[in-house]
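Next up: just one chain, as structure tokens, the form predicted on its own.
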């Protein structure tokens, strides 16, 4: 099977981190195709950035499905554009937040999500509520810009560790969910350091995508995820009309 892993921001180095996390857990027969969105912000930190990331994300998903992808993963913990992507695609589309919460729910009753900035915390709290985990998960922000995770001169990783320690102490968390795809390369190290399960959404999404494909399941096309109606889009949006997407 071929699984698209799309980074909906435009930072290629982050895509490399995400791709490595996906390759580490993929089955031998799974081909991981990791791509960087061709349009949008360099990082996604809050609702405004999310809005501008969605068009490029949809282009990549349409292109990959036409090329024969079996499933797609949106590698942003905000689950950016997830509902729109599911309406567009027939193949399963997995958001890494939903995947991480589902995986963690099997192994822990109480857990904490540690994300980057405060402006990202509230959107994630809304997702936690949507996915039915409000009574089990607490969201914390380490107050670190996303791209600082890639800067060895920053103290981003120390701040992340400090917030994890607080979550274990104050939240009585039994497991930690990493609330940013850019943290994926820290998973094994943090597990050893803190002695608790640490869940990366990219890895969780790969395994869930493989399971859905193996079960022969595709996205439902009745109701909420019905295919987009072929209607007129004007201006720069013409490229995102359903008929244009099919031609990609």
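It should be emphasised that the depicted structure is a prediction, and the values quoted were computed from it without experimental measurement. Numbering follows the first chain given and starts at 1.
Omitted from view is the form predicted in complex with another copy of the chain, to which the following refers.
A.B. asks: Taking another copy of the chain as it sits in the predicted bound form, is residue 16 in contact with it (heavy atom to heavy atom, 4.5 Å or less)?
C.D. replies: Result no; residue 16 lies far from another copy of the chain in the predicted bound form.
A.B. asks: Spell out, yes or no, whether the shortest heavy atom distance between residue 45 and another copy of the chain in the predicted bound form is within 4.5 Å.
C.D. replies: Flag for residue 45 set to yes.
A.B. asks: Might residue 155 be said to contact another copy of the chain in the predicted bound form, defining contact as any heavy atom within 4.5 Å?
C.D. replies: Contact with another copy of the chain, no.
A.B. asks: Would you check, heavy atoms only and a 4.5 Å threshold, whether residue 207 touches another copy of the chain in the predicted bound form?
C.D. replies: Yes, residue 207 is a contact residue.
A.B. asks: Could you work out which of 34, 54, 190, 69 is the residue within 4.5 angstroms of another copy of the chain in the predicted bound form, going by heavy atoms?
C.D. replies: Contact with another copy of the chain in the predicted bound form is made by 54 alone.
A.B. asks: Any residue of 3-27 with a heavy atom within 4.5 Å of another copy of the chain in the predicted bound form counts; write them all down in order.
C.D. replies: 10, 25, 27, in sequence order.
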